[in-house]
Every structure is written in structure tokens, then in C-alpha cells.
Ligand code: AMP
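Let's start with one chain on its own, the form predicted on its own, as C-alpha cells.
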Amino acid sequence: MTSSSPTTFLRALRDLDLPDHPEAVVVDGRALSRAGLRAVAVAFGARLPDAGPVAVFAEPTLETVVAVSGCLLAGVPVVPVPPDAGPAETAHVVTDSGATCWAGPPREGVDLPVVEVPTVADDVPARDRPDDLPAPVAETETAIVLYTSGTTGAPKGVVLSHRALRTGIEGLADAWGWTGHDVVAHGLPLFHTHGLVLGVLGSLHLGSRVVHTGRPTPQAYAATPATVYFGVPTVWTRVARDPEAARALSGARLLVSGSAPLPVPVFERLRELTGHALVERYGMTETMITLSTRADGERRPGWVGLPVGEARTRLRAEDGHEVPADGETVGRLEVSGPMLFDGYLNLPETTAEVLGPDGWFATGDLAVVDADGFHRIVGRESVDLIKSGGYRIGAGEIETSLLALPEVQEVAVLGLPDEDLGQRIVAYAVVAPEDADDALAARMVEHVAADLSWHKRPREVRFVPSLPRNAMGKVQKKLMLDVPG
């Protein structure tokens, strides 16, 4: 990236001449206008002790929206911390990111100065209210560091610039016809790309209203009038099982699914109930959204469409040559464009493994493309990345956590197909025969939930006498897919 122009990200939040609404941002029933949000966000930014980064306890509240917006307006990098992260994961994120202060309630593993987050103008004394926005930083400056699970080890910090966020959002605006006239509704977490960057920050950039429903239940979605609904396949599967809730979404302009593959039967059932063919899209924390079906184009179940905005894609065979665009030949998906991340924080060697000097990023996913440029994701090169309930979860960190238990001699974690979650986390553990009981299995689940995150807990524990290994001692997980439960 070479641009050094001032950032214009969060354009609609910066420009108070645009039409406003008293409920421009609603989170679990609490609302702010854009002018109100801007006032308290700027006040929060003025309270920051230095240039950050700022670790934000990213629960689904107005406080999170204010803190994240305040950091971005002030040009200070923001680090969203998952609210279900255990002490070990929280401590890693805070330490690895170099955060200099904390926004949120006290947490174990955090020893940083706390900056209070105002949520209404009355919370800000007149003497502490800045007259105007801080001077904009360069677009190439870091905006946000999102931590994502790798296939091994601790979560990695994905560094995204203001330019990456802006160009990614503007590409989606073009693909989806997303404007300030829309109302976006979702109930997704506010510590990753889908819920925070797209759902909230995208709306604040484009001027649309955004309503966070709290929990993403079919009833909550049905009770929230909107033109665009975001959901992960788990949410849409549950909506499809509730015909009354599904029919309530018929008046929407778009229903958008992402973060994991949407089962074709769910796509078809929702089309039957709502009259809408869902928009499916593909992206990663490292790439923003790079592929999507369009609001004004074909929506083919199981396919994630065309490159978005300035994104470019290519599919490479094992020999490095591009595969034919025949809709059948599988290739390794690589992407390029201004919406790409700048690298993994503090991990230059890991970054160099996937982000080449030519600007192309190796996603690790396999795909096919047809003659019209339509893409379909067919799988992951590795079996170690689990997609469960819309989360991308690394098996390695769960294995590391479980091996801390003295009874666990060996362990391998896999994602097995699940109708509701997409994949469910299953732990295969080698323990002494006398320890292999339901009590230990329950304790293993509880340990991961407390040590890492609730959504990373195994949904099932299977005790096995041994793990299959190759001559080099590496566990052969593909062979374990046939191990009976």
C-alpha cells in the first residue's frame, strides 16, 4: 500500500451534514444518533492517555461501539477483546498487541489503565468536550488489530489499515447496493469482521442505520424491521426452522450469509419462506470480503460469486500455474487488493509464508471458478481450521489447553459436520483407562471454556487408545474422520 492521503473511513460519522436519525445505532435496545455517537466517541478519544493501541472489551453494547469509533476517529489502533475469552487468551491478546490502556470492566489477566467509556453526552462534562474531530491520520495507518485463531498456537493479531477497511466496505456497497437508506440488522459478536467491521463500522461509513438485536435468535430478527439482515449459517438454519420468523423477513431488501458455507437446503428453504435468494459471500479477517454474489446479479446456492470492489483472485494448482475456469478444477485460492491486511503482528516469518512480495495472499482455502468468474469454496487445505457457528477456530490452541490437564496424555481436535453449527468441535483424547469417564469429559469441556473461550469448547469428547501417526510422529487427522464415536 502506497497511499498516504488522510483517512475518510467512517465517512458518515464524520459528516454531520448527512441526514441523521435518533436511533442511528441501536445495540440491544439502547440507541444513539450519529451526532450523539460522534460526540461521545470524540470525547472518549480525547481521554486516551497516548497513541495506544487500546484494548476494548468487545461485548455487544453501546460502550463497545463508542470505544471502537472513538479510537478510529482519534487515529489510535483498537484491539477488540472477545468477552468470552479466558484469562490466558485475554492476557495474550493484551500483551501481544502492546495495548497501553483498557476500555471495559475489570478482567483477570489485564493490568492496564482503564479509560471510562461515555455513552451519552451527559456523561461528558462540558469542559471535556472537544470542539471538533482530531486531525485525520494517513489511510495507511493501522486502524484495528483483530485476533484470529491459527491452526496451531495462540491467536494471531491481524493488522488492518484504515484504507483496508474503507475499500473493503465500499466494495460491498457496490456489490450489495448498500446505501444510507438501508437499515442493517444483526446479532453477531462485536469482536470480529462480520459483526463489528461490516455490521457496525460499515454502517457508520455508509450512513445506514444499524440495529444489533442482542442474541441472534429468529424471534429477535423477526421483531427488528430492517432492509438488510446479516447472519452466519447457524443463524439462518435456525430461522429456516421457524417459518413464522422467516416470513417476517420477507419485506427485507437483502439477506446476507457469511463466515462459513451455507447449506444448500437452508438456502432453498429460506427462498421458499421469504421469497429471497440469500446473498452469499466469502472473506477472511486478513482479506475483508473478497467474493460475493451481487444484489443485482445471480445468486447460486453454494457459490460465493465474484470479486468485490478492487479485490482480485486467482486459483493456483500445486505446480503454481492457474487452473482452468471450468467450474470443476480445484485450485488454491489467492487474493490481492487494497483491502488486504498488512501482516500478522509481531510475526514477520508467518506473514511471509502467506503474503508474497507481489501482494498476493494465500488463503489456505480451495476453490473452483467458472467461465463467468463465479467462485465456489470447496474446502480447506488443512483440517485444523474449524468453522463452528460462524467462528473460525484453531484446533491447535484447544489441544494445547487440554494438554494442560494431567489426565490427558495425547489429544487431537477435529471439526465434524453438524447440521446446526456447520462443524462441531470434537476432542479425541488418550487417557488412562480408569480416567476415561463422563466426569473427565465434562471437566475437559469446562477447562477449555474457561481457559480460552466458550465457543471454543469441545461439543464432544471421545476417548481413544491411541492417535494415528506417520513415520515422523505427526498425527494423521484425516484418518481420524473414520474413528467411530
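Everything quoted here is computed from the prediction, not taken from an experiment. One rule holds for the numbers: they count along the sequence shown, beginning at 1.
Keep in mind that the form predicted in complex with this ligand is missing from the display, and what follows is about it.
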- Query: Heavy atoms within 4.5 Å of this ligand in the model of the complex: which of the stretches 317-325, 135-143, 283-291, 98-106 has them?
  - Reply: 283-291
- Message: With a cut-off of 4.5 Å between heavy atoms, is A295 one of the residues that contacts this ligand in the model of the complex?
- Response: no
- Message: Check L402 for me: does it contact this ligand in the model of the complex (non-hydrogen atoms, 4.5 angstroms)?
- Response: no
- Task: Would you check, heavy atoms only and a 4.5 Å threshold, whether A367 touches this ligand in the model of the complex?
- Result: no
- Contact label in the model of the complex: P261 to this ligand, heavy atom within 4.5 Å: yes
- Message: For a quick test of understanding: in the model of the complex, does each of V26, L62 and H205 have a heavy atom within 4.5 Å of this ligand?
- Response: no
- Message: Looking at A220, V330, A88, I377 here, can you tell me which has any non-hydrogen atom within 4.5 angstroms of this ligand in the model of the complex?
- Response: I377
- Note on the structure: Picking from H276, R392, R300, R269, the single residue whose non-hydrogen atoms come within 4.5 angstroms of this ligand in the model of the complex is R392
- Message: For a quick check, can you give me the residues of 294-319 that have a heavy atom within 4.5 Å of this ligand in the model of the complex?
- Response: V304
